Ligand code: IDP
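Shown here is one chain on its own, the form predicted alone, set out as structure tokens.
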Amino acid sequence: MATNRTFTMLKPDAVEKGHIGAILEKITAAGFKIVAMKLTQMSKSDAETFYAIHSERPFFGELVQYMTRGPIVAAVLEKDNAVEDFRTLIGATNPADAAEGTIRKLYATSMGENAVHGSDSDANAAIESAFHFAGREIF
């Protein structure tokens, strides 16, 4: 995967609260092109695998429960400098620390329910995109 792509998930809290359209509008207004997208729901096994890096952390069980409680929107985004620019657009993990106008400042309610996931590196963007999408689903 090219370094001009990143992966995002609109998390269950954002979907439950009806923020899909508003968040997608912010993403496209920031110059990102959506090259793959779907509404789906992670199984317990999916969430445990996706978040395996956190499996030893005390919050792991809570994270898996949260990510499986409802649908998510998974998407692959394209733009020059995609990973870094998207991390800036979503803001700090804790919405209280997020910059004004960022997705988390606008739509997240807590560090645990922070509305959106964004890949933290080009390598993880490729791994996370492949986890959710078959190659033929990405345009």
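It should be emphasised that the depicted structure is a prediction, and the values quoted were computed from it without experimental measurement. Numbering starts at 1 and follows the sequence shown.
Beyond what is shown, the protein has a form predicted together with inosine-5'-diphosphate (IDP); the following relates to that form.
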ask   = Do Gly112 and inosine-5'-diphosphate (IDP) come within 4.5 Å of each other in the predicted bound form, heavy atoms counted?
value = yes
task = Although inosine-5'-diphosphate (IDP) is absent from this view, report whether Tyr51 comes within 4.5 Å of it in the predicted bound form, heavy atoms only.
result = yes
query = Closest heavy atom of Ser43 to inosine-5'-diphosphate (IDP) in the predicted bound form, within 4.5 Å or not?
reply = no
key: Heavy atom of Arg87 within 4.5 Å of inosine-5'-diphosphate (IDP) in the predicted bound form   = yes
message = By the heavy atom within 4.5 Å rule, which residue out of Thr28, Ser55, Asn81, Thr93 makes contact with inosine-5'-diphosphate (IDP) in the predicted bound form?
response = Thr93
task = Using heavy atoms and a 4.5 Å cut-off, decide whether His19, Ile72 and Lys105 all contact inosine-5'-diphosphate (IDP) in the predicted bound form.
result = no
